[in-house]
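Before any questions on how it binds or moves, here is one chain, the form predicted on its own, in structure tokens.
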Amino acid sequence: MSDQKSRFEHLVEAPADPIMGLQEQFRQDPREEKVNLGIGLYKDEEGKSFLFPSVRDALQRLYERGYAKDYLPIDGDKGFIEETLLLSFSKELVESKPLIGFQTPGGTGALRIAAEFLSSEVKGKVYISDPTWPNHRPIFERAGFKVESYPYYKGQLLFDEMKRALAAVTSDDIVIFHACCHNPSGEDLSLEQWQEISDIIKACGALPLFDMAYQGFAEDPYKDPQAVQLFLREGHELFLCSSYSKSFGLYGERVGLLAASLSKPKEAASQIRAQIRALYSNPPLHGAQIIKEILQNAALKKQWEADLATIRKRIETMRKSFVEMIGKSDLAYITDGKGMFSFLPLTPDQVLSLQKEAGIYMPKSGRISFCSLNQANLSYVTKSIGRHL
């Protein structure tokens, strides 16, 4: 080797991702009773990953019929885009608004494509809720944005503080909202509150961007996008970044949708298409074929709706059982929470103690996923956590 100093000599190890790093620690823990409450992955009552019956049946139909593994267009599968736009916005809005859509590698891919496109079109800041999904900040910072936060939740929903903060943003700025099942708090705005936020955003002129990773996990897949639909009806230009990892149980298939309603849809679509070509060329095929098969078949679609109802019911049961077994009235908010997650009033030291003493893993924030609970581990988890509350 040459004696010349490496140009990479300055590199230092990046900190582990707070969620993925926790998963690796969990894997290495030899204790049989260990429980990972940090991962956002739905597990059934037996603690196994859940294959939606609708997905299983769609796969069978695809294999029997056969289909080529050709490249998709840059935009993605046309039928998938059409069906998921309808799922997000309704037939009325799809037919009346200037919507464009792109199939993406998961919701993260949708967010990154949006960030790349917007970095050359929007000169202001990006505002994220406090707290929010940990990946929102790095996605937009790596696209060149300065990212700041607005109040959202601290032991309770901070709606008045949120309104005051958003009233101060400018027409040069972007505001990221969670369409439903706010991650990590599990606390959602009512439709009336969304109307107030829409009025504020319209007055200041900021660009709303909705992240929808849990469609179907709050009320049902048709009610959960109500905030996005409200903003569209109110005349906002907007972006929507959807993930179908949870909604169809297709975590490893990386299927997402980037949608937008903009004043110049054809021109915007051409620019986004150029971004996609330079980043990953075209999206994966298989997951989109599964979703399209389900949404275009009435019987499969009905089964998918039932699959989601089963998931919602089990999460609701685990929330209620958790609160009852802990036996503390100040945790009643958990019962009303939406989606996978809620916060526990634990300090980082208490979270670390639970990890060391009981093999119970969660982020330092105290956010837990109720999908990891079942009748077999519920007593162990609640007794262990109860000692720290």
Ligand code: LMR
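Residue positions are given as counts along the sequence shown, with the first one as 1. Here the structure is a predicted model, which means the values were calculated and not measured.
Separately, the form predicted in complex with ligand LMR exists; it is not shown, and the next lines address it.
Exercise for the section: Decide whether residue 39 counts as a contact residue for ligand LMR in the predicted complex under a heavy atom distance cut-off of 4.5 Å. Expected result: Residue 39 belongs to the contact set for ligand LMR.
Handout entry: 4.5 Å heavy atom contact, residue 378 and ligand LMR in the predicted complex
Key = No, residue 378 sits far enough from ligand LMR in the predicted complex that none of its heavy atoms falls within 4.5 Å.
Handout entry: Non-hydrogen atom contact residue 341 with ligand LMR in the predicted complex at 4.5 angstroms
Key = So residue 341 counts as contacting ligand LMR.
Handout entry: Heavy atom of residue 22 within 4.5 Å of ligand LMR in the predicted complex
Key = The answer is no: residue 22 has no heavy atom within 4.5 Å of ligand LMR.
Exercise for the section: Answer with one of 210, 133, 231, 244: the residue that has a non-hydrogen atom within 4.5 Å of ligand LMR in the predicted complex. Expected result: Selected option: 133.
Problem - The unique member of 127, 239, 214, 140 whose heavy atoms fall within 4.5 Å of ligand LMR in the predicted complex - result: The residue from 127, 239, 214, 140 that makes the contact is 214.
Exercise for the section: Name the stretch: of 63 to 71, 352 to 360, 324 to 332, 31 to 39, exactly one has residues whose heavy atoms fall within 4.5 Å of ligand LMR in the predicted complex. Expected result: The contacting stretch is 31 to 39.
Handout entry: Members of 173 to 205 lying within 4.5 angstroms of ligand LMR, judged by heavy atom, in the predicted complex
Key = Residue within 4.5 Å: 183, and no other.
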